[in-house]
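Below, in structure tokens: the form predicted alone, a single chain.
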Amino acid sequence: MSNKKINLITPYYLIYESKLLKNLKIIERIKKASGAKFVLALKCFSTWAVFPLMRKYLDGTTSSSLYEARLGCEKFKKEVHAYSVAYSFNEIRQIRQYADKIIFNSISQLQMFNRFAGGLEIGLRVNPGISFSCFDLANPARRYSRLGVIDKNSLSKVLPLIDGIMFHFNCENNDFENFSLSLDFISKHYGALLKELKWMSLGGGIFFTKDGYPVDKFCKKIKEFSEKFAIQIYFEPGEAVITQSAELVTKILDIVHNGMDIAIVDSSIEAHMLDLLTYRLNAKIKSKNTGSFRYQIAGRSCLAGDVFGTYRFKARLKVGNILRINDAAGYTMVKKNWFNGLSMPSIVVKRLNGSIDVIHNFEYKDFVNSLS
């Protein structure tokens, strides 16, 4: 498809397969050197239009719900890990047809449902009491956390019921030494249990695709751990797979002034980049922030705090200018919503051959059908 024939209307998410491939190649390298397997965390990124490329390098998907498990089965068509903080009986009955592994969050759910999971490998999430997270909101080891089994004695008693174990205690952890020490902690405190199991998942949140990350040390550490306990290691990356692979392309609709210049774009953090609002983060906009012209970039919803951030530009902004918000793949398309009835960004993919595919243009009927 020729780029010239396509009239792209803002706002839209633009995914670059070439940038996605860069991350996938790093994962391929880690897999070969360490023996680890990688399953995509659909809670972070579920845009199945690029699954044909991703499935060449990843071993499957991991889910947080029945619908994600079904999506992984039907669209990714490789190994499916099914996890949920809590399953209903009806979900357990359905999920058997989609999953290869089912991971329970608690011993009570394991005991309640394991007999209905015949044919599936069964896992249990464990809370090791350690975490790498800059945000208490995302800290799985926070006080009163409901995420995973804490008591090791109880865990030992149900060991005959499970095939594997899942630890998930990282959040954008780009510090290899921190990861290494955490793995040593698991080895010390859970080593005896691991020797009785087939596999162990270390979850996601490890930023091994970041520039400068010591990939060789990472591979060596994983391989040594895996061989020590004769266990298959899985990772469940989300951001690490899709980091820097997409943009949210917006257009300036108006510029107002209230103590500073404010450029209003045809998008919204509340509706289109919700994580920015949740974690009080600024959007990554292409600007060296050293220019003479300072602007707040704001969304067009009615929420007063719908603000992407404040930036400096080398030239004055004008109505009609295009602004590209970087790193807009993870936790964006999976969280987009119809707040204020704003036009939802289209999903567009730039393929490896340079062609542009408009995957989905959202229309009024999508808005109406989402309500009732």
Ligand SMILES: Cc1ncc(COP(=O)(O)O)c(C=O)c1O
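In case it trips you up, residue 1 is the first one in the sequence shown, and so on. Nothing here was measured: the structure is a model prediction, and the numbers come from that model.
Below, we turn to the form predicted in complex with the named molecule, even though it does not appear here.
Enquirer: From the candidate stretches 66-74, 41-49, 318-326, 303-311, select the single one in contact with the named molecule in the model of the complex, where contact means a heavy atom within 4.5 Å.
Expert: Partner-contacting stretch among the options: 41-49.
Enquirer: Go through 149, 110, 271, 166 and name the one with a heavy atom inside 4.5 Å of the named molecule in the model of the complex.
Expert: Going through each option in turn, the one that passes is 166.
Enquirer: Can you work out whether residue 299 and the named molecule are in contact in the model of the complex, taking contact to mean some heavy atom pair no more than 4.5 Å apart?
Expert: Residue 299: no contact with the named molecule in the model of the complex.
Enquirer: Taking the shortest heavy atom distance, is residue 123 within 4.5 Å of the named molecule in the model of the complex?
Expert: No, residue 123 is distant from the partner.
Enquirer: Mark residue 57 yes when one of its heavy atoms lies within 4.5 Å of a heavy atom of the named molecule in the model of the complex, and no otherwise.
Expert: Taking the distances in the model of the complex, the answer for residue 57 is no, it never comes within 4.5 Å of the named molecule.
Enquirer: Give a yes/no on whether residue 239 approaches the named molecule to within 4.5 Å in the model of the complex, heavy atoms considered.
Expert: Although the named molecule is absent here, residue 239 would touch it in the model of the complex, with heavy atoms inside 4.5 Å.
Enquirer: Any residue of 293-309 with a heavy atom within 4.5 Å of the named molecule in the model of the complex counts; write them all down in order.
Expert: The stretch 293-309, when checked against the named molecule in the model of the complex, contributes no residue at the 4.5 Å heavy-atom cut-off.
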